[in-house]
Each structure stands twice: as C-alpha cells, then as structure tokens.
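Here you'll find one protein chain in two forms, each presented separately as structure tokens under the names structure 1 and structure 2.
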Structure 1
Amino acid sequence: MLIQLRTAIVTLLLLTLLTGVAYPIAVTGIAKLAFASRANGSLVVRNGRVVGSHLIGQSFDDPKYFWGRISATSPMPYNASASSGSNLGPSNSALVDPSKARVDALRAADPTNRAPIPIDLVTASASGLDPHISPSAAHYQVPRVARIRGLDEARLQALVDALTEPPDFVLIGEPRVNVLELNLALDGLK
C-alpha cells in the first residue's frame, strides 16, 4: 500500500512539473521566438507608450475619430476578460437597444449623411472585441471625420484604402480596417 501511494505521489509531482511547468515554459519560449509580437499581445506602441492592441478593439465615440463596432462585453466595452457570445435573439431589447442607440449616435454625429449605415457599425462581433470594421464602414464615416477635422475627404478615403487589410492568405475572411491603426494614422496627419 505504501509503495503504491509513494508511486502515485511521485508520478503526480513529475507530471505536475512536466505539464504544469516545463511544457508551458517551452511553448511560451517557442511562441516568443517564432511570433514575438503576437505572443506578447500584439501591442501597439507609440512614442514608447502602449496605446492598445492589434487584436482587441477600443471604444472611440468622439466624432473626430472613426468608430469601431459595438462591444458586447460588460461591465465595460472591449473587456477582454468578458469575451463571449450573447445568445440574444433578435427580439431581445438587450440586443436591439444598443443597435438603435448606435444608429441614433451615428445620425446625430453626421446629420447630413443619409447613406445606409453599414451593418458592422451597429452590431457587435461574436467576441464583442473585434478591432476591425469593413472598408465600407470606414468610408461611411469619412465625411464626418473630414468635416470635423477640416481635412479633404479624398485624402481620408486614400488613408482608409491604404490601411485596408486583405483577407488572410488571400482567401480567408473579408477585407478589413483596424480602427486603432486608422485613428492613430489620422492623428498623425498634418
């Protein structure tokens, strides 16, 4: 009985060290060597200061900036620890009300823009953290941002086009624009 107990304890300790310490250290080390930026959170650094991540959206609601998708996380927008689907149906007010509020906010921020609002500006992604919008959602916002900042619309259209990322591996997904990168480039315009 003591031999079996000792064998079980030694096995538990060895497997704990192997799977709980050695394996995570090895995987983290390999990831940091092979994919340094992604393994560290794909952080966006400007002037020596972290301003966000390429992978997690941020809340922009100032009309002088491009706005991203609605965040479905709580208790605050873009809360990475609360990422999940909502499973809310189309008749649930918790799903409908934020979309209506976003439509109202977009119309109030740019009352002269009567173009149809792209769907990704009024809905959340499955994770609630998506940092991207479609090129059409970015182009929809160009007149507002150009007017408020006193910039030429064609110049902003070109900026959106320049920052539009193609589908991954040319086949997977849709073209997209990272809102944080777009707003940082916007702030860098003279």
Structure 2
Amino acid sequence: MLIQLRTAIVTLLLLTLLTGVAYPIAVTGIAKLAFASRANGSLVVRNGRVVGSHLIGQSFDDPKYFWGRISATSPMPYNASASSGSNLGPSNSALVDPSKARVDALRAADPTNRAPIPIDLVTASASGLDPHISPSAAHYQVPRVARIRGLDEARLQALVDALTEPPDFVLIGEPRVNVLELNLALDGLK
C-alpha cells in the first residue's frame, strides 16, 4: 500500500507538470503568437484608452444609445468580474418585474412605437454580459435613436445592417448585432 501511495503521488506530480504547467504555458505561447489580441480579451481601444471588450457587453439606458440585454449581475449591471444570470424560474412572479420595467422604459422613450418588442430585449442574459442583441431588437430601436440623434432612419438602418453578423458558416448559431460596437459607430457618425 505504501508503494502504491508513493506511485500515486509521483504520478500526480508528473501529470501536474504535464497538464497543469507545460500544457497551459504552451497554449499561452501559441495564443500570444498567433492570436495576441483575442487571447488578451479582444479589447477595444479608442485614443489609447481601453473602452471595453468586443465580447463583453456594457450597460446602456440612455435613449440616444441602443440598449442591450438586461443584466442580472450585482452590484451593478454588466459587472465583468462577477458574471451571473437571474436564475429566476418561469413561474416566479419576480421574473416579470425587470421585464416589465424594461418594457415601460422602452415605451416611455419612444411612445409612438407600438410594435411588439422582441423578447431578447426584455429578458436577462445567461452571463449578464451578453454583448449582442438580435437584429430585430436593433431594428425596434432604430426610430428612437434616429429621432433623438436627428439622423435619417434609413441611414441608421443601413448602419445596423452593416454591423449585423450572420450565423457562423451560414447555419450555426443566431444572427446578432454587437451593441457596444454599434454605439461606438453611432458616436463616430456625423
């Protein structure tokens, strides 16, 4: 038994060196050579300042910006150091409150828009950091953003279309619009 124990300890040590030290270091080395920006978090830099990551959403509730998914992270939405979903069950009455607040806010910011609201715009994402909304959810917001910014709706629609990513390889996943990228492009328009 003591011999087996010694074997167990030495085996674990060797496999730790292999899978816990050599392997992650090798992956890091190749990642830094081949995909440096992605390995470092796909950061967005504007005027030498990091203003976010392409992959991590930010909170928007100003009517002049496009809004993203509801985020259930705490203590503030889109807390990128403590990801979390709401975990509210479908029969829980508390599930409705954030959705209702979002519906009311969307209607208040754009009272003439009577179109049905796409569901992804009024539900919390799994990660609390979802960077995307559906194209429908972006289209729904075009009239509001165009009006507040004094932009031509068609021009704004064209911008949304240009930033819409199709499913990967035509088939895999869903079409989507990156909210941070869209809002950065919006601020760059003139």
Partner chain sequence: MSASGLAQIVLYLVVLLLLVKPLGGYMARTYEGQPTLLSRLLGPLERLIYRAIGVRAEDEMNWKTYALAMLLFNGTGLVVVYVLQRVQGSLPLNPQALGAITPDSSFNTAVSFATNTNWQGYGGESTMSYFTQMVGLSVQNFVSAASGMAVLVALIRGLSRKTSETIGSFWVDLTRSALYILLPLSFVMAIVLVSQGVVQTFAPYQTATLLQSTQDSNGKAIVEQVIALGPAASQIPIKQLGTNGGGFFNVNSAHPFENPTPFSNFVQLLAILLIPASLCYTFGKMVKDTRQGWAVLSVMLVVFIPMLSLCASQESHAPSSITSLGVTDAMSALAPGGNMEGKEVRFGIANSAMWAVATTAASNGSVNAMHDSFTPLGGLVPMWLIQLGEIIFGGVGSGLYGMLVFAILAVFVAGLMVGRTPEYLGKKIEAFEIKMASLVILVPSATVLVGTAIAVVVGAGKRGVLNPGPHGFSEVLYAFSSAANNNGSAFAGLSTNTPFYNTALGVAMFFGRFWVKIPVLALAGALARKKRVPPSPGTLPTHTPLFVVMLVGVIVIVGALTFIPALALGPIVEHLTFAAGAK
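By convention here, residues take numbers in order along the sequence of structure 1, the first being 1. Each form is matched to the other, and the largest set of C-alpha atoms that superpose within 1.5 Å is called the rigid core. Remember, predicted model here, so these are calculated numbers, not experimental data.
Peer 1: Quick check: structure 1 or structure 2 for the form predicted in complex with its partner chain?
Peer 2: Pick structure 2 here.
Peer 1: Choose from Ala22, Ser59, Ala105, Phe35 the one placed at the hinge of the motion between structure 1 and structure 2, with one rigid part turning against the other.
Peer 2: The hinge between the moving rigid parts is marked by Phe35.
Peer 1: Would you pull out the angle in degrees that the smaller rigid body rotates by relative to the larger one between structure 1 and structure 2?
Peer 2: When the larger parts are aligned, the smaller part is off by a rotation of 17 degrees.
Peer 1: Hey, core superposed, how many Å does Arg6 shift at the CA between structure 1 and structure 2?
Peer 2: C-alpha displacement of Arg6 between structure 1 and structure 2: 10.6 Å.
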